[in-house]
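What follows is a single chain, given as structure tokens, in the form predicted alone.
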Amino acid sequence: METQARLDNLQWSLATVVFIIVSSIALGFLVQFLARLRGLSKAEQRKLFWGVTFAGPWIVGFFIFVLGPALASLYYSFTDYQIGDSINWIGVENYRNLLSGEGRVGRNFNKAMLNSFYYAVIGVPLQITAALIMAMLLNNEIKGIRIFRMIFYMPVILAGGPAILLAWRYMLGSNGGFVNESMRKMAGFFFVFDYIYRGFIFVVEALNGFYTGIVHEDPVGPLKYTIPAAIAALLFLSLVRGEWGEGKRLLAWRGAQILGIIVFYSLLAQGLIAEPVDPSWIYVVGIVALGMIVLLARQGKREVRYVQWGALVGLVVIALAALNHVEFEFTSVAFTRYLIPLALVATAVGGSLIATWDRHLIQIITATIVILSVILFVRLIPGQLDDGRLNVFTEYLTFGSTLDTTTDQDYLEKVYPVASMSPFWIYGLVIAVLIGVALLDETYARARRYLATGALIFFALFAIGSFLDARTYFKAFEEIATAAGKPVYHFALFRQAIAAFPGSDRVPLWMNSELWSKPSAILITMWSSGAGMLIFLAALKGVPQSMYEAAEVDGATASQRFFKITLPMISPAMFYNIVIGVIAALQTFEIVYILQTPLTRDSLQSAAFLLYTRTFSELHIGEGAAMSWILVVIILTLTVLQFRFSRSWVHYEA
């Protein structure tokens, strides 16, 4: 039996070698044949034949082990495939459940994605900061510097191993763990460090408690207005301060683009995959596409063709999705709700594709955008203007309240979230003002400043008013719970964290609390920042010392030399580390797999870990494939945005 098994292995090995050789030669002949059809010389044909033949093993392996499984997973994502059951086509049902947060899996996926964004938004800047500090420390020619470089880089080699991660799990133990014991002893020796240590515990628990309350199922009430309004106020504050320049115009334009993409993906998750597709989305696609067409055409860019054809393809997809759910009768009301906007938008986009660009065509398209916007606004009136929903703006600007009652818990938890104004109005208003600020040139400099200043005042007052209303909202929960003699579960972790300043006996509960699970993962990634450190160190070596000497002669301080010379010169390395760090953060897996405990599983799990669990543990291949493609789209979008927006701050040598 053992001899037969060895013979079988030998036969399969020989068959694999023969397959690789034959497929590589066949691929070479195919390329040679195509080269002959294109009329290339025999010498060029021989070069292509031998080049492709020797590269054949990699090319064939790519098609078999990369492209093939990727296409298979894309197909599985549209099915209900489970191992052991038959495969049935279900369309976008998996994507609909995941993106809309329906069911247990949908809710878990949303939480996992938020955890992954936490690792990217919080962890990547801390990791890059740690790498840059280490690189600057090692960028000194002192005795024994090579030993220090080896020590600083060693965690990169060790960090990915399960043994090291298990060691970290024991070191981060709440009782007797090396990290906590070391911190407590240092706090006992130095009273200043004791206050810093307890302040660190207070800040981390407060921030993570607030984050947990926001992303979990607790109703956030007016806070859903406070956060975007505060972000908008900070953005317009940066535009108002100082002199206006091209950098600020770029900031306004790119801010509008980023917010627009976020809003688009949010609306995509909620509306475009709805069943059936709402006709309002036809108007949305038309407004966005025609607006981009006008802007790109005025700038004379070739990308306008891609937008035109992409809009037409999008309209076809919407039409097919709609026809799948309505009766195919031209006289039916259901069909005309789709036919009229489709005809209007398709005519405008198709006309821009075949017509000659001149001033009259731009005016016609602009008028079409205005008409579509008015129609879309009228369609939104039944959903957003009924019961005075948009009175939120006037109430918060005058520091009023939008709460009808503060004594009914059902109203606060169920009625208010549904009956209140959508926060998308705020995002849309911010995008519109940013576009206006970016488009106003120096001829309208005063109007531009008035617009930015007015937006700053508006959103600042709106943020303050909504925050005061949020305090009333959360206080109402406390009063209701107190009257009923029950504990307050609403934002319980945040309330517990800020109830009192930590005492001297408090320690971080790294492995036992959802307030500390994600910081523990980030701590380990910061410890293993040696790869980024190496990139920064190479970049620092390339900064000419003469630039520092000239700046020092001119009286520049150390901070000025760092921000004006060091950072611009190492910006390519910074950009590389940011791109790689964000991709790695969104794919976090090993740390979650090793560090998770029953108490921290939900708060620690990332999208990649949930994908693994759903696919290989629970054997739901279709849902796991859909998760993987959603993650691919997000990573691809973020990477493209980083490359696009890097041109303004990444400086390459000529």
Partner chain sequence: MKRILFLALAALMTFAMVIPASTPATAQDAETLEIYITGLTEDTMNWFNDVAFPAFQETHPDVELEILTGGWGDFDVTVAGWITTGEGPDIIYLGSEYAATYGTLLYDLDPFFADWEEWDQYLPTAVDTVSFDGHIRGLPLLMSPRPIFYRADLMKGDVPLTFTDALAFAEANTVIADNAAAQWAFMDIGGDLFDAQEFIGYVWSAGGELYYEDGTSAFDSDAVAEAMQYMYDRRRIMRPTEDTAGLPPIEGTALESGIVISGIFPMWAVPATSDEIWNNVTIAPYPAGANGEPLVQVFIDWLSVPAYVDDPELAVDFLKFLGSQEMAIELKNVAGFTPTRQDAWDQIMESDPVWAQLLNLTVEYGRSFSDIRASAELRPLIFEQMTLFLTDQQSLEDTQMYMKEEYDAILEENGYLD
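Keep in mind it's a predicted model, so treat the numbers as computed, not measured. Numbering follows the first chain given and starts at 1.
There is another form of this protein, the form predicted together with its partner chain, and it is not shown here; the text below is about that form.
When contacts are judged by a 4.5 Å heavy atom cut-off, L641 does not count as touching its partner chain in the predicted complex. With a 4.5 Å cutoff on heavy atoms, R389 does not count as touching its partner chain in the predicted complex; it lies far away.
Within this chain, I142 is remote from the site of its partner chain in the predicted complex, having no heavy atom within 4.5 Å.
Remark: L320 does not count among the residues lining its partner chain in the predicted complex, judged by a heavy atom distance of 4.5 Å or less.
Looking at its partner chain in the predicted complex, residues L7, I25 and P598 each place a heavy atom within 4.5 Å of it.
The partner is absent here; in the predicted complex, the one residue of P544, G84, G555, G485 having a heavy atom within 4.5 Å of its partner chain is G84. Comment: its partner chain is not present in this chain, but in the predicted complex one of E514, E395, E93, D278 has a heavy atom within 4.5 Å of it, namely E514. Residues placing heavy atoms within 4.5 Å of its partner chain in the predicted complex fall in a single listed stretch, namely 505 to 513, out of 505 to 513, 292 to 300, 564 to 572, 369 to 377. The partner is not shown here, but in the predicted complex the stretch 597 to 622 reaches within 4.5 angstroms of its partner chain through a heavy atom at T597, P598, L599, R601, D602, Y612, R614, F616, S617, E618, L619, H620.
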